[in-house]
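So this first bit is one chain, no partners, the form predicted alone, shown in structure tokens.
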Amino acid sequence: MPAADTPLPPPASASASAGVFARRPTPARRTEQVAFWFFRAVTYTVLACGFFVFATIFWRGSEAVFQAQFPFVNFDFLTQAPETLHVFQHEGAERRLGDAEFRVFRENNDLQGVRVESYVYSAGGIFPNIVGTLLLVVGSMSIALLLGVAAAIYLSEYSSHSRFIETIRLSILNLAGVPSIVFGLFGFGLFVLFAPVFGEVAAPNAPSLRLWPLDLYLNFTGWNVSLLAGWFTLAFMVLPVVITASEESLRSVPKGFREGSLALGATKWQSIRTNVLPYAMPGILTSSILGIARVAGETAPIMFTAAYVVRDKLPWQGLDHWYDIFFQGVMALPYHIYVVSSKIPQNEYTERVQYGAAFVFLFLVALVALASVLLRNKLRSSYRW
């Protein structure tokens, strides 16, 4: 026993107190630190690149959408159609006029000997492109959700576990990896060239099928480059994502919901419609959000099936019948961005349209996705178990 006046030993350090459990530098720990910093650097590099790209688009695109003076929003850019820009010197001042203004100016002024430089798609706005993009997104996602949810219900609720069904599931997963250009060629061959159209007479140069006893023919003449062909092509492209996500959402609903409903005498479809689908709807809407981002951003499929570089009229103008709106092509923002970025000479005037169209395009996609997120959250708060 130490004497009462013997001083106590100094307290041990934390590492010393840990004893055999203290962390000691070893080759494995040093390798782990290197791996940790590598993964961290890669993550931050990817985020920095994305931030740089989006920041550039927002900064330079906002210059085309917003302006310094009242009303601070460039409504001409958002509400007018694309035009050719004419740049020339007149009475000592540089003038930049769109095609319509230039025609009026030329009629009222003598431009003999004046050198006029013209730049296509560098004046006016992008209103037809906005309308076409929204029509393509809404129509294709409606078709994709209708077909995709129906297929998911069959695979999840009605089909049995067999090799054939597993092969179908594997095929659907593989379709998700098919390049979009292949879907574009598929849509061009099936919908643009060969889709059936009702007619009162048989088509002379295409296969026809008489609908007996009706006095009508089903002519396989295709829908041409049209809104309808673009809808179905984009819907088929995004179907694998919708089917897979919807099936997983349906499977996540507890089996007790189905069993309780069946025990009370409901049919299987009544159980699915009232006790399964409402609770799976938030997950299905999640798949729609993923689909919206892909449908809105794809350029290759609509190049062959639905998009025009220039169209003078809006989709609802100049129609003989109301249903003609489905059989005509539209302008779309992704295709417009592709054209002004790669198919026309690059100069200081085209940059305004390029960044402005990209800015509006990102804003529209975010707006549609935000609407889906809000609807999903509302449904998720309504159905809890």
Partner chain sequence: MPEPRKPSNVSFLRNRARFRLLGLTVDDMIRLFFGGNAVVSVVVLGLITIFLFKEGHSFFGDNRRNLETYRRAGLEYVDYMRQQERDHTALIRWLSDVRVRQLRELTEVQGMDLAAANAALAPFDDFAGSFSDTVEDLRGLVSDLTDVASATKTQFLVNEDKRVQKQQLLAEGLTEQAEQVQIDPVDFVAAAEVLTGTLPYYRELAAAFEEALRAVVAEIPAAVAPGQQPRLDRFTQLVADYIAGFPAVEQRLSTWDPNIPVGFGEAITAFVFGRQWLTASFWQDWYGIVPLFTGSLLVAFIALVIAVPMGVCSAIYINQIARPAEQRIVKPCIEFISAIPSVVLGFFGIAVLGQTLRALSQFESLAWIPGFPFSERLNALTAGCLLALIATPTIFTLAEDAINNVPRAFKEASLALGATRLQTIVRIVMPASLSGVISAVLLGLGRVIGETMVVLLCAGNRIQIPDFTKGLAIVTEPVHTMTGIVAQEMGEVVRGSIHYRALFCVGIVLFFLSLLINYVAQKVVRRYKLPGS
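Bear in mind that the values here come from a model prediction, so they are computed numbers and not experimental data. Positions refer to the first chain, counted from 1.
Just so it is clear, the following notes concern the form predicted together with its partner chain, a form of the same protein that is not shown.
- Note that among 106 to 114, 146 to 154, 125 to 133, 87 to 95, the stretch whose heavy atoms approach its partner chain to within 4.5 Å in the predicted complex is 146 to 154.
- Mapping the unseen interface onto this chain, Gly283 falls outside it, with no heavy atom inside 4.5 Å of its partner chain in the predicted complex.
- The closest non-hydrogen atom of Leu314 lies beyond 4.5 Å of its partner chain in the predicted complex.
- When its partner chain is considered in the predicted complex, Gly50 lines it closely, a heavy atom lying within 4.5 Å.
- The closest non-hydrogen atom of Ser342 lies within 4.5 Å of its partner chain in the predicted complex.
- Within 4.5 Å of its partner chain in the predicted complex, a heavy atom is found for every one of Thr31, Leu170 and Leu362.
- Only one of the listed residues (Phe39, Phe66, Trp59, Tyr323) places a non-hydrogen atom within 4.5 angstroms of its partner chain in the predicted complex, and that residue is Phe39.
- Contact with its partner chain in the predicted complex, judged by any heavy atom within 4.5 Å, is made by just one of Leu78, Val120, Val197, Leu193: Leu193.
- The partner is not shown here, but in the predicted complex the stretch 175 to 198 reaches within 4.5 angstroms of its partner chain through a heavy atom at Leu175, Gly177, Val178, Pro179, Ser180, Ile181, Val182, Phe183, Leu185, Phe186, Phe188, Gly189, Leu190, Leu193, Phe194.
- By 3 Å or more, the C-alpha separation between Ser372 and Leu135 grows in the predicted complex relative to the form shown here.
- Inter-residue distance, Leu135 to Ala369 (Cα): increased by at least 3 Å in the predicted complex versus the depicted form.
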